[in-house]
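First comes one chain, alone, set out as structure tokens in the form predicted alone.
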């Protein structure tokens, strides 16, 4: 028996265990999504009632759309901020590159609650930002909209997930050949033109990889909208939590969860197609 075959046999139990741990809960969730609830009892008779409820409810449709739209906004903002940061670390920093990467990841070493409450202290009516604006005379009264608003939610989400976008882009910038940018400059391309026709297409895989990580985490975020979103903190994730908790409607909660997974699966499939087409990014930016 070859070494490859031996390795496959040894790895098979581990792969099977991981697959079981990951897939079994999803399979149970999928099964429950076809059940229904009769007061407090779960009726284990197959039905599409839950999926029809989601499709026919403007509330659930709106919350699902809000979750994905909010995640797209966070991806776009982190992508815009992440490009110059990743470029600086990859191309401008020479000897202290590891230190910059560590500094980038330092916020992730603390818990989510610590970071969120730090932003609450910063954005509150008596927080550091309002105090500074009052001191310099920009405002006369504290700005209450800085906290417990969609703005606060997106600011904290961008702060929390920006390192993941930067890491994805940084890997692409590390593999970007500087001679290509020099050649673009020699051929008369301006900085923005070189970015559109050379840099952006070649770093698109890192943008997509980082964007997928940010997108998935932003869609499933629960704590941030609850703690800094105020009235806007009601999300589809909090609705799922309530259905599994106080409402005791596990089937409907399972159906919503599987609907979210199906939409995320579509985004992953679309991203895989994009990454598989090597000329896609160049065609999008009009390079050829």
Partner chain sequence: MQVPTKVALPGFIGLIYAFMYLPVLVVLIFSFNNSEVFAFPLQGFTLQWYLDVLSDARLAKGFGITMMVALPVSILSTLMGALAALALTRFATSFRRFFLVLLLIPFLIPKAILAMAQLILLSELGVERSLITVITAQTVIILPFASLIIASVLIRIDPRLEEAAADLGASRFSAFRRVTMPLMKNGMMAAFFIAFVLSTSEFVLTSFVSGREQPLSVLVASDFRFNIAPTLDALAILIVVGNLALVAIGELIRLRDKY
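Everything numeric in this text was worked out from a predicted model, so none of it was measured. Positions refer to the first chain, counted from 1. Heads up, when I say rigid core I mean the largest set of C-alphas that superpose within 1.5 Å between the two forms.
There is also a form predicted together with the partner chain; it is not shown, and the following applies to it.
Residue 116 is the only one of 75, 116, 146, 207 with a heavy atom lying within 4.5 Å of the partner chain in the predicted bound form. Scanning 171, 151, 139, 216 against the partner chain in the predicted bound form with a 4.5 Å heavy atom cut-off leaves one residue, 216. Remark: residue 71 does not count among the residues lining the partner chain in the predicted bound form, judged by a heavy atom distance of 4.5 Å or less. Among heavy atoms of residue 110, some come within 4.5 Å of the partner chain in the predicted bound form. Contact check for residue 15: a non-hydrogen atom falls within 4.5 Å of the partner chain in the predicted bound form. None of the heavy atoms of residue 95 is located within 4.5 Å of the partner chain in the predicted bound form. For the three marked residues, 106, 240 and 254, a heavy atom of each sits within 4.5 Å of the partner chain in the predicted bound form. If you take 69-90 and check each residue for a heavy atom within 4.5 Å of the partner chain in the predicted bound form, you get 81, 84, 85, 87, 88, 89, in sequence order. For residue 18, a C-alpha deviation of 2 angstroms or more is recorded between the shown form and the other one after rigid-core alignment.
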